[in-house]
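As structure tokens, one chain now follows by itself in the form predicted on its own.
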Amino acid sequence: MAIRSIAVINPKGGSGKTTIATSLAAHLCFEGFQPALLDLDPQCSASDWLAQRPADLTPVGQAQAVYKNEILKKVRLPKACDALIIDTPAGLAEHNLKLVLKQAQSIIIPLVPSPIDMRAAWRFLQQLVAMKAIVKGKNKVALVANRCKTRTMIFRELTGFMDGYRFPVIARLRETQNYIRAAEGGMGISELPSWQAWQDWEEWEPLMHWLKSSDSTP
């Protein structure tokens, strides 16, 4: 069986990569997958989330990265794994970025409404558009507006910024303490009670719809 592979990438810290990666792992559990997380971030936040995950929830495996001279060479997957989520660090070196693109079918880029973040994202998206894997369609890329306050001017600026690229905008996720509550308990947003997180569940539906569609795979 082919492994479903998804990478969450942004060149700047603080965009919510780990939050999205861990919640995505929990969503895939709900969809019947046996997911594994690959934590490439030196801060090891995704690994900490795995360590906190309650035993009564569907388990999420941990994949291992093999490096040589700081270059990512291969990924070791746990047994009984049919989906891989890659949580990448800020400032991912270009040679490792290329290897992540080689590993992943789908690329999710979270963007937050901040001028500094948008400038960093612009440079990264320009770099990404020029890469052979993207040009040849070997990866499918989508944008996620993260930590949004929809009635603010900067959110409108972010929306205009994202609409300027050929990559689809597949979700807009609000800023809420629910993500912090879920992460502290080793859970995803989908594993919080409905009375608490129903709005967040609705915001995740288009993201999951895209991942389940042929638009998200080469």
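Residues carry their position along the shown sequence, with the first being 1. Predicted model only: the values in this text are computed from it and were never measured.
FYI, the form predicted together with a small molecule isn't displayed, but the following is about it.
Would you check, heavy atoms only and a 4.5 Å threshold, whether Asp41 touches the small molecule in the model of the complex?
Because a heavy atom of Asp41 falls inside 4.5 Å of the small molecule in the model of the complex, the answer is yes.
Any chance Glu191 has a heavy atom within 4.5 Å of the small molecule in the model of the complex?
So Glu191 does not count as contacting the small molecule.
Taking heavy atoms and a 4.5 Å cut-off, does Arg53 contact the small molecule in the model of the complex?
Taking the distances in the model of the complex, the answer for Arg53 is no, it never comes within 4.5 Å of the small molecule.
Within 4.5 Å, heavy atoms only: does Asp48 come near the small molecule in the model of the complex?
Taking the distances in the model of the complex, the answer for Asp48 is no, it never comes within 4.5 Å of the small molecule.
Interface segment, criterion being heavy atoms within 4.5 Å of the small molecule in the model of the complex, picked from 53 to 61, 26 to 34, 171 to 179, 66 to 74:
This holds for exactly one stretch, 171 to 179.
Among Leu99, Cys81, Ala142, Ala90, which has any heavy atom within 4.5 Å of the small molecule in the model of the complex?
Going through each option in turn, the one that passes is Ala90.
Triple contact flag Lys12, Gly16 and Asn146 to the small molecule in the model of the complex, non-hydrogen atom at 4.5 angstroms:
Checking in the model of the complex: Lys12, Gly16 and Asn146 are all within 4.5 Å of the small molecule.
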